[in-house]
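Next up: just one chain, as C-alpha cells, the form predicted alone.
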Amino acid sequence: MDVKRFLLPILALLVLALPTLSFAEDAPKIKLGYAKCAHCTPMSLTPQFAEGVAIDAVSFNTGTDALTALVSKNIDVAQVTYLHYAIALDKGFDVVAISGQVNGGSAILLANDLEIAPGDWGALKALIAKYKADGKPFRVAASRGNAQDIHMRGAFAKQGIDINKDVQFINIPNPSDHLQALRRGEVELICTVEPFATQIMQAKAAKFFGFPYDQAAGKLTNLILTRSDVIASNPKALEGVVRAVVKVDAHIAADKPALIEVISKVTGLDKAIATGAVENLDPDPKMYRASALAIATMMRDLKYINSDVTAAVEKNLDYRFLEAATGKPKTELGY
C-alpha cells in the first residue's frame, strides 16, 4: 500500500511529461559545428536557446575543420569566417550563408621596444621607411589567409603601406605561436586574434597599436553556413538554428560575464584573458553584403583564391532565415 502511494504520483508526472518528451524526440535534428576560438565558443550555447529544433553542437579545432565537416556532409551547419565562405565558393563547394554570429577580434600589436603611440600611423610609416632606408626588414606577421591577415593587409593599404614592398611578411600559421615570436624578437608587428591578443598584452610580450577595421572588410569575421540540400530538406530546422544564434548573440551582448564564462569553459583560458578578449568581440547576427564582396575581391587580389566569386558570394547570402528569426527585412540585416 505504501509502495503504491509512492509510485502513483510519479507515474502521473511521467504521463504529464509524455507530450513534451514526444515533442523533443520528434523535433528535427541539426548537427552544428563550431571552432574553439573566443568568437566562436558562444555557439556551444545554441542547444539551450533552440526551440522546435534539436541542435547537436560539436566543437572543432579550427573553422577549416568545421568547413570540411560541412562540405563532406558530416554536419548540417558550420560556423566559419567570411574567408572560409569565399574559399569554399572558389572551390565550387555547395555552401549557403544563413546568418552572421560575432565580428571583431582582431588587434595590431607592436614590439615593446618600438617608440610609437597607439594609432599613430604616421610614426609607424616613418619607422618602416627608416628600416627600409637602413636596409633592414620591418617584419610584420599574421596567420596567412585568416581574417586578421585580411584586416591587416586592408588597413596597411588604406594607410599607403605596400605590404609586398615596404615590409617583410612573416607567416605564422598557428596564432598560439604569435606570443613566442614576439618574445623571441622575430617580428616588429603582428596582427592577431582574440584571445591571443589579450594573452600577449597581459604577458607584456607586446603592446597595443590599434584595431585594423578601417578598411573595406570592416570588422567582419564569423558567418554561419549550411548546404542547399539541408535548406531543401529541413528549412524549419534551419530557421530554428538561426533563431537560436540570434538569441545567443542577444544573451552574450547583454551579459558579458556569460560570454567570459563560456570562453573559459570551452577554451580552458584563464578568466582574466577571457575578460580582456570580450572587449574586442561584437555579437552580431547580420550578414554584411558589401563587406563580404570586398573580402572576396581582396582575397582574389591577394591570390588567396583563384577566381572571382563575388557573384556567388552575393547569390548565396540567404536572408530568409534571419528575416524569419528577427521579423526584419533583409535591408535592415546587412543586405
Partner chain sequence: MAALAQLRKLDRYLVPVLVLAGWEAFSRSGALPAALLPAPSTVLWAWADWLIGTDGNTQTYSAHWLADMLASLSRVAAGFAIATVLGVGLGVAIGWSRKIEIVIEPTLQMLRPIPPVSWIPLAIIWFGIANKPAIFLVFLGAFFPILLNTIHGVKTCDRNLIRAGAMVGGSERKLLRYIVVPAALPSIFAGLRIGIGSAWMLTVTAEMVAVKSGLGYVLWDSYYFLRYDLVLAAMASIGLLGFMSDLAIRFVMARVLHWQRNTTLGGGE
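Positions refer to the first chain, counted from 1. As the structure is a computational prediction, the values presented were derived from the model and not from experiment.
There is another form of the same protein, the form predicted in complex with the partner chain; it is not shown, and what comes next is about it.
Any non-hydrogen atom of Arg184 within 4.5 angstroms of the partner chain in the model of the complex: Result yes; Arg184 sits at the interface with the partner chain in the model of the complex.
Quick one: does Ile305 come within 4.5 Å of the partner chain in the model of the complex, counting heavy atoms only? So Ile305 counts as contacting the partner chain.
Report yes if any heavy atom of Phe169 sits within 4.5 Å of a heavy atom of the partner chain in the model of the complex; otherwise report no. Yes, contact at 4.5 Å.
Might Thr68 be said to contact the partner chain in the model of the complex, defining contact as any heavy atom within 4.5 Å? It does: once the partner chain is placed as it appears in the model of the complex, Thr68 has a heavy atom within 4.5 Å of it.
Of these, 208-216, 176-184, 256-264, 125-133, which stretch puts a heavy atom within 4.5 angstroms of the partner chain in the model of the complex? Selected stretch: 176-184.
The partner chain: the contacting residue among Leu223, Ala88, Ile108, Val193 in the model of the complex [heavy atom, 4.5 Å]: The option sitting close enough to the partner is Ala88.
Note that the partner chain is not shown here; using its position in the model of the complex, name the residues of 134-162 with a heavy atom within 4.5 Å of it, in sequence order. Residues within 4.5 Å: Arg144, Gly145.
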